[in-house]
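One chain comes next, on its own, written out as structure tokens in the form predicted on its own.
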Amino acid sequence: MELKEAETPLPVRTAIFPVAGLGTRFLPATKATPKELLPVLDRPLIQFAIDEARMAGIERMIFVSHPAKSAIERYVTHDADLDAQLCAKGKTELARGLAADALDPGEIDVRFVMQDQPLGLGHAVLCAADDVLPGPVAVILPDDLILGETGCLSEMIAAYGRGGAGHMVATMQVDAEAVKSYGILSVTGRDERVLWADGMVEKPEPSDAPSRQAVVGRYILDGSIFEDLRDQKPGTGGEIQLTDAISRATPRVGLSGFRFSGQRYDCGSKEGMLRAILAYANSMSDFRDVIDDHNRSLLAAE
């Protein structure tokens, strides 16, 4: 499929963060602390997602949360009392850092909506329908940490602005044996980092996979996705699957994949979280010596 001439799409102004999951794979750590607030070294996982959206120029951030996870709302908003206490103790630099991380309602519109029942990612996105701004919307899964010089969402928005497809998903190439763990794009053509597609296959066997381009947790979706989700029948696990709604709409609105430049870490798994912590620590000189010392001690013990 060639890149077609199209009207410049509306800007992507809204980002949806589905954060209602209970994080059972990280119990007991997530018994009292939301998975999204677990630290990647010294930075909560959700902060990376917020920073990525802010870098991309997002105007409204909608957090689809759960009533049991009120700590997320406390984290993302400015805490004036804590700020005052830190300043009173002379820790003004720390206070400034926390204030910079917090979402300023004068700059970004922050909204929280509740997903009381675990009815799937598609249902989580649908919960945000009444709060989105006009035009396409971004969906960021904080579990998928993508580290790179340029934010994945910024790259996607730049490519999406060229027009040609209403739905865009972030993709990466995986090993043949790994395709059964992902939604896999059915690729029909390429244009630099953009992959044109005619659909997706959810968790195929390697012999049945249409490609090795796996869909990961970044989406830019045409605003029609909400109407499609409203009448989407439950799929795998009895849940409303976002990929099902995207695939069903592909003949009508178009579908493309985007091969981002950063490195993705699946922080929904313990192995992926550990890899992310090590990579993030290794990117900072303060911690690189600690990693080197640890590696040398392991070699000496062999």
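Numbering starts at 1 and follows the sequence shown. These numbers were taken from a predicted model, which means no experiment stands behind them.
The same protein has a further form, the form predicted in complex with a small molecule, not shown here; the description that follows concerns it.
No member of the trio Glu52, Leu147 and Thr171 reaches the small molecule in the predicted bound form with any non-hydrogen atom inside 4.5 Å. In summary, the region of this chain contacting the small molecule in the predicted bound form, judged by heavy atoms within 4.5 Å and restricted to 202 to 210, 85 to 93, 125 to 133, 106 to 114, corresponds to 202 to 210.
Listed residues Ala165, Leu141, Val194, Leu185 were compared with the small molecule in the predicted bound form; Leu141 is the one with a heavy atom within 4.5 Å. Among Val137, Ile157, Val215, Val76, the residue placing a heavy atom within 4.5 Å of the small molecule in the predicted bound form is Val215. The closest non-hydrogen atom of Ser65 lies beyond 4.5 Å of the small molecule in the predicted bound form. Looking at Lys69, you'd find every heavy atom of it more than 4.5 angstroms from the small molecule in the predicted bound form. When contacts are judged by a 4.5 Å heavy atom cut-off, Leu121 counts as touching the small molecule in the predicted bound form. The small molecule is not drawn, but in the predicted bound form it has a heavy atom within 4.5 Å of Thr243.
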